[in-house]
Structure formats: C-alpha cells, structure tokens
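Laid out below as structure tokens are two forms of one and the same protein chain, each shown alone and named structure 1 and structure 2.
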Structure 1
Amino acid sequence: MSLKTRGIFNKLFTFCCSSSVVLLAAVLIIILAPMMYTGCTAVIFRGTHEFRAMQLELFDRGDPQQIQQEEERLQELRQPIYDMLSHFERGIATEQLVDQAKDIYRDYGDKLRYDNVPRDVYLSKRRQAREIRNLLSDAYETTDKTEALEYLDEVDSHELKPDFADTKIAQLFEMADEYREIVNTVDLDRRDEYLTALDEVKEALRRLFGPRPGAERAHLAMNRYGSTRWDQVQKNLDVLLYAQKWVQEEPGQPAVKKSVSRAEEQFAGTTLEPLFAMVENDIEKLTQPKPTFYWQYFIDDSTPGYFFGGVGPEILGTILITLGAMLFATPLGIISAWYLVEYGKDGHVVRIIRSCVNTLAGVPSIVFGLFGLAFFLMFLFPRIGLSSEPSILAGSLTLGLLVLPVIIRASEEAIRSVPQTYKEASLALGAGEFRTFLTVTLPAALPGILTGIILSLSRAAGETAPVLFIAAIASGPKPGSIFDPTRLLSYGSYVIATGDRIAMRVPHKQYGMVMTLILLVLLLNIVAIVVRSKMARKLRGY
C-alpha cells in the first residue's frame, strides 16, 4: 500500500472515530436534554397565587399577610365570574329549583299547622300554596318557552298573592320572577345540553381557581387548590374556553377533532357568554403568575401520590441504600479480587469462580430482588432475630450483591496492574503478605478500584427491580433507622408512572424525579472522581 493511501485511511479512521464520539454525545443530548428540561420545570416555573397559598398551608412558607391580601384581592376579581355562573345555573339546574320550591311549600305547611289557624282556612291556604308550587314546578320542568311563561304568568296573577305577602310562599313568587328573566335569555330546548357543558365549565373553573368560595374544604390536598403553575393554567383555560367535538366527515372514515368555542357556540346568547372573554382576557390578573424557584423540591416531603411537594425522603433513602450497598460490597469485592489475583493460581477452581462472577454480572436484576426476598427477608433475618419486613438493610445487602461482580472485576484488574516490583520491595523489607497488600498494593490499586465503585454506585442508585420487594415503599414516613423501609427515587419514578391517574396531571413531578436521580448519580460520580484524582496525585508523589 502506498504511503498516500495509508494516509487517507488514517484520516478516514480518525474521522470515523471522532464522528462516532460526536454522534454518541448528540444521542445523549437528544435523550437527556428534553428529560432534564422537563425535569427542571419541577423546580423552575411560573407559580400562581394557588401555589403560594398551597406552600403556606402545607409547608408553612411565605408571608401569611401578603398571601392573605393577595387572596382577598383575587376573590374580589373572581367574584363576578362566580356570580354569573350562579345566575345561569339557576335557570339550568332546574331539579334543584323544583326541590327548593318543594321545601318552601313544606315549611309553609308546617308553619300553618303550628299556628293553629281554623281548619277550613288551613286547608284552603294549603291547597292554594300547593297550586302555586305545582305551577312553578311545571314552569321549571317544561322546555317550551311560551308554556313556561304562561305558567309563570299564572303564578304571578294568582288571586291570593297579597295574602301570602309575609309568608314563606312569597319566596316562590320571587323565584318565579327570577326565572322569568332567565327564560327570556336561555334557549330551554338546549337545557340538557347546557347542563352537561355547565358541569365541564364548573370543573374547569375549579381546576383553575380552586374550589368555589364557601365550598366545603376538600379532604385531599389535590382538590384544595386550583392550578398552581402557569402551564397548568393554560391547559385548564383551554378546557374552559373550548369544547372538543369529533365529527365524522365521510362515512367509513375516522372522525376528525373539532374545537368548539364555548363562548361563540355552546353558550352563545346566554348570560354566561361574557364569562369566557372575561376569564381569557384577565387570566394573568386572576392567577398572578410569578417566576418561582422552588429549590425546596429537593428537601420537601410530598403529599401521597406525589401531587404536591418534593422528593426529600426519596433522596435520603436513595443515598442511604446506595452507601449501604457500597459499604457491604466494597470490602467483600476487594478481598475476593485479592484472593483471585494473588492466591488463586490459574487452576480449575479459579476459572470456575471467575466465570461464576461473570455470569452473576449478567443476571437480570429482578432475580437479585427475588433472591434478596427469599434469602435475607424470609430465611436469614428471622433466624438472627431481625424482622422479616422490608428494610434499608435488606435492600443494601441485595444491591451490594448486585454490584459485587463489577467491583470484583474492576479490583482484579487494578490489583493485577500494580507492578510486581512494588510488592517485592515491600516483602524484601520484611513486611508480611497482609501488610504488603494493605500498605502497598491496595493504595496503588485504589484509583482503579474506585472506577469500579463509581460504575456500581450509579447502578445501585438507579435499580428498581431488586428493591421492589425488599426495601421500597410508595409512601410512608421517613426512615428512622436502617431497619425501616424507605422511599426511593427509582421506585418512586416507577410508582408515579403506573397506577394513579393523577400522574397524568402532574407530568413535571414524574420528570422531576428522574432528573433528581440523574443529578444525584452525577453528583456521587463527581465526588468519587475527585477523590480518585486526589489519590492518584498522591500516589504519583505530588
């Protein structure tokens, strides 16, 4: 081959190498960047007033006075919206009105009986009142406008109206007047349609601004507040402003999605129509979004189901269990490696052990989980007087076993690469085998061993399957000791992705947890790398 072609090949090879590195980096960025970006929105976002109210109530953070003032100002702004809604509701949710009329009539009857009026007066008044009630109910129930108005007129012109002036029945006349006004603005034929749409509107409003003022306090924190973040505000605003309709355009073809403006189509011409423009134009005023840096995400506890709050206990649990695994696996790994290198001559036994270690490295992690359950929890712990309930200790031991092969392989290579002359020098000075290993071989091999530890740290922190049965819980108190189970970042991400429907409403929490796990692993790695480079420098005698 001529020198020239060789040169070209060399260049081609260099190009391939560097481009593959670039490609790897790009893939990493493409996968990690969106995840990290979405994850960051768990910490940095535009928080609304609802967020600040939630923080104050659940975590005792923020200035109570300021938040109270903001609350009052917002209530004032939101009140017209609720008034409009209540007014419209009175014309639509007629079942409630019929019930109300019945209640009024019953109260009136009771009162008459207690008042001890003559029997014939009692009977006639009661009959009249019943008549009025029935007319009003008929007016409420009919969907024909003229018919309804006729009934209302009949109520209004009732001969005994003045007689009832100071009684409960007067309220029935008031209700009739109110309803007359509504009938004139609402298309009664579409009442059922309005009713379902109204439920959607009410739900969207609740998700935006929280429960209506005066409503009972919700039992769960997730129902107590409206949209705490600007992205949620936008999502819920969209639901409020537009309904979805699926229309089939051609037979045999799938239907097509159509957005229907509630203001322009669903509620056009009703008294509710101005509500939508009002909310849309003033949404920033109504929610008060402000840039928020929620660093407490990393220390806060969360409400069950991860709806509000942070990942504090998960971080603590992950660190504890990972360090525990390392405490268990590192000494064991180094000693095994030492044996394999120094004492196990290249015989059959060593070869079998080595291939066993390699096989162990390839065993699926769920097998380790089941092994941990069967061996530690069911077999070993009860026999040495520990409880057979899930615990950090059991998780650490199992994860330790999981990463052991990696540590053994790395340590073996590191110990083997220590020059024979070091050892010979030490032995010649009269040091024993053990002393030589501890003071000469091990320090020289440490940087290599640390590489193995770094690799296994990340693995231990991220594994879900082994801890599924033996250490992890989905919710519970912070661990008090290593004999308690704990929440974990890895298992938490799994729990949040499966099971509960609220995960669909808080995607940022899901990504936030993944981001935290990545950051934590990165942090542990950086610490280990710094320690390693310091050690290496020391060894070189700087």
Structure 2
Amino acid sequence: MSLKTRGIFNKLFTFCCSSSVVLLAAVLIIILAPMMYTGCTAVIFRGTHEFRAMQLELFDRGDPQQIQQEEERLQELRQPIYDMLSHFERGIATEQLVDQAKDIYRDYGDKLRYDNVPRDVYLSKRRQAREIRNLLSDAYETTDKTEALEYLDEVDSHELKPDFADTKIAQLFEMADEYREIVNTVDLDRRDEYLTALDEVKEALRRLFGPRPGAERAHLAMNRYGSTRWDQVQKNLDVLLYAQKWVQEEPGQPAVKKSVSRAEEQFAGTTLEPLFAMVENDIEKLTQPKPTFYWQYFIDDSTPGYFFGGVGPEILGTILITLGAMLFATPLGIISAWYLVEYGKDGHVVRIIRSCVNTLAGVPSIVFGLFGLAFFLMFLFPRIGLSSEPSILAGSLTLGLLVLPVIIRASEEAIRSVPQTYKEASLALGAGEFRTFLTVTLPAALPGILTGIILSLSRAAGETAPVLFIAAIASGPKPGSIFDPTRLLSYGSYVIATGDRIAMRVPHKQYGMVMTLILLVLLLNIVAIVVRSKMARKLRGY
C-alpha cells in the first residue's frame, strides 16, 4: 500500500471516529436536553399564591402575615367571580329554588300561628301565600320561557298587597325578580346543558384558585390548593375558557374532538358570559405569579399522589439501595474474577461458569425481581428470622445479583491485564498468593474494576422492575432501617407515569424525578471516576 493510500485511509478513519463521537453527543443532547429542561421546571418556575400558601401550611415555610394579606387581597379580587357564578347557578339549579320557596312558605305559616292571628285571616293569608309559592315553583319547573314569564308576572301581581309587606313572603318576590333576569338571558330548554357546563366551570375555577371561601376542607392535599405554578394556571385557564366536544363534521365519518369557547357558545348571552373575559384578562392579578427557585425540592417530602413537595425520601432510598447493592456485588464479583483468572483452569467447568455469567448479564431485570421475591422474601428471610415484607435489604441483594455479572466480567479483564511480572516479583520477594493479590494485583487492576463498578452503579440506581415487588413503595414514611421498604426515584417516576392522569396534571414531577435520577447517577459516577483517577496516578507514581 502506498503512503498516499495509507494517508487517505488514516484520514478516513479519523473522520469516521470524529463523526461517531459527534453523532453520539448529538443523540445524547437530543434525548437528554428536553428531559433535563422539563425536569428543571420542577425547581425553577413561576410560583403562584397557592404555592406560597401550600408551602406555609405543609412545610411551615414563608411569612404567615404576608401570605395572609395576599390571601385577603386575592379574595377581594375573586369575590365578583364567585358572586357571578352563584347568581347564575341560582337561576339554573331550580330544584334548590323550589325547596327554598317551600321553606319560606313554611316559615311564614309558623309566624302566623305564633302571632295568633284570627283563624279566618290565617287561612286567607296561607291560601294566598300558597298560591304565590305554587306560581313561583311552576315558573322554576317549566322550560317554556313565555310560560315562565307569565307565572312570574302573576307572582308580581301580589307584590303590592299590604298583607305581605315586611313578611317572609317578600323574599319570594325577590326570588321572582332574580329569576326573571335569568329567564331573559338563558334558553330554558338548555337547562341541563347549562348545569353540566356549570359543573365543569366550577371545577376549573377550583383548580385555578383552590376551594371557594367557606367550602369544606378537602381531605386530600391535592384538592386543598389551586394552581401552584404558572404553567398549571395556563393549562387550567384553557380548560375554563374552552370546552371539549366531539363533533361529527361529515356524515359517516368518525367524530373529531374540538375546542368550543364557553363565552361565545356555551354561555353566550347569559349573565355568566362576562366571567370568562374577566378571568382571562386579570389572570395574573388573580394568581400573583412570581419567579421561584424551589431548591428544597431535593429535600422535601411529597404529598400522597406526588402533587406537591419534593423528592427527598426518593433520593435517600435510591442512594441506600444502590450502595447496598454495590456493597454486596463488588467484593463477591472481585473474588469471583480472581478465582476465574488465577485458579480456574480453562476447562469445561470454567467455560460453563463464564457462559452462565454472560447469560445472566442479558437476563431481563424483571426475572431478577421475581427471583428476589421467591428466594429472599418467600424462602430465605423467613428461615433466618427476618420479615418477608419488602425491604431495602432484599432490594439491595437482588440488585447486587443483577449487576454481579458486569462486575465479574470487568474485574476479570482488569486482573488479567495486570502484567505477570508484577506477580512474579512479589512472589520472588517472599509474599504469599493472597498478599500478592491484595497488595500488587488488586491495586494495579483497580482502575479497570472501578469502570465496571461505574457501569453497575448506573444500572442499579435506574432499575425499576427488580424492586417492584421486594423493596419499593409509592408512599410512606422514610425508612428507619434496611429492613423497611423505601421510595425510589425510578419507581416514583413509574407510579406517576401509570397513575390516573397524574402525569398529565403534574408532568414537572415526573421529569423532575428523572432529572434528579440522572444527576444522582452522574454524581456517583463522578465520585467513582475521581477515585479511579487518583488510583491510576498513584500507580504511575505521581
């Protein structure tokens, strides 16, 4: 081969290597960048008043006086919205109005009996009051606008009678006036449609601003607060402004999902129509978003369902179970590799052992999980007096077995790469086999062994399937010992992804866990790489 041809091949090889590195970096950036960006929104975001109120109540964090003042100012701004909603609801939920009219009529009769009015007067007033009540109830119950207005006109014809001045019955006239305003602005035939849409509007407002003042305190933390972040505000505002409907645009074609403006279609012309523009235009005043750096995300506990709080217990559990797995797998893997290199003959038995180790490295992780459940929890632990419940110990041992083949193979290659002269020099100076391995072979092979440990760390920290049945829980207290189950970053992300629309409502929590897991693995790897680098420098003598 000529020098020119060789130069061309060298340049081509260099180009291919460089392109592969650039391509690998680009793929990593394309995969990780969106994930890390979304994950960072769990820490850096625009927090609303609801976030500050939640932090104060759940984590005792923030200025109580300042948050209370902010709460009072916001309630003043939100009150017209609630009043508008209540006014419209009173005209649509007619069953409640009929019951209210009956209560007023009953109270009026009790008052007459209490005042001991003559019997003929009592019967006359009761009859007239009953007539008014029945007319008003008929107005509520009919879906014909003309008929309803006729009933209301008849009710109003009794308003000027002196018998009802300053009595309970006067409230029936006020109810009739309020309902007349509603009847003139809504289509009574669509009353059921209004009620359904009204429930959606009330739920959207609850998710935006939290429960209405005076409402019963919710048991679940996720229902006690409104939108705690600006991105949630925008999402819930969209739900408030637009309804989703399935519309069949062409005969014979499947229906398609379309967004319908509530202001322009569902509640057009009603007294509720201005509410949507009011909320949309003043949404920042109504939620008070502020730039927030929530660094406590990495230490805070989370509420059930992962709606609020951080990933502190998940980080602790992941570190414990990962380090436990490495403590179990590392010495066992190094000793196994030592035996295979130094003492195992290249016979059938060793070949079978190596084949089994290689096969184990490719076994699906869920198989290790089922093995851990059957062997450790159901067989071994009960026989040595330990609990058969899921625990960190069981999870660590199972993950240790999972990464053991990787450590064995990496350690075997590292030990085999140590020059034979090192061992021969040690033995010539009188050291035994064991001492030679500890003081000469192992330190020389340690950089290569640490490479296997780094790969194993990443896998142990990120595995979900092996710990599903034997170590992980979705919620619960922090573990008090290695015999308790624990929350994990990988399992928490899995729970959010498979939960009932949890990932849809709090995507920042899922990606925040993934980001934290990546950062944690990166940190552990950096520590191992630093140790490996120091060992390599020591071996080189500087």
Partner chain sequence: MKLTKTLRNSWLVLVAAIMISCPAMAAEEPIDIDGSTTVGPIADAFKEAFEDIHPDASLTIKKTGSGDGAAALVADRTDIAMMSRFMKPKEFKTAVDKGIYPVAHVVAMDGVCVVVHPSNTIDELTSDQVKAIYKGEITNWKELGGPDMKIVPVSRDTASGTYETFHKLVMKKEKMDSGVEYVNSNPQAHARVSKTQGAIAYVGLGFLDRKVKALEIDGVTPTRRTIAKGLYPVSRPLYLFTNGYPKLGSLVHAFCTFHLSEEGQEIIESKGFVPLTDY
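Just so we're on the same page, rigid core means the largest C-alpha set that superposes within 1.5 Å between forms. Every value quoted in this text rests on a predicted model; they were computed, and no experiment measured them. All residue numbers here refer to structure 1's sequence, counted from 1.
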Query raised in the report: Which of the two structures shown, 1 or 2, corresponds to the form predicted in complex with the partner chain?
Result: 1
Report task. Tell me, please, whether between structure 1 and structure 2 the C-alpha of P118 is shifted by 2 Å or more, with the rigid core used for superposition. Result -> yes
**Report entry** Core fit, then S533 C-alpha moves 2 Å or more between structure 1 and structure 2
**Finding:** no
Query raised in the report: With both forms fit on the core, has A176 moved 2 Å or more by CA between structure 1 and structure 2?
Result: yes
Query raised in the report: With the two forms matched on the core, what distance in Å separates the two CA positions of V256 between structure 1 and structure 2?
Result: 5.4
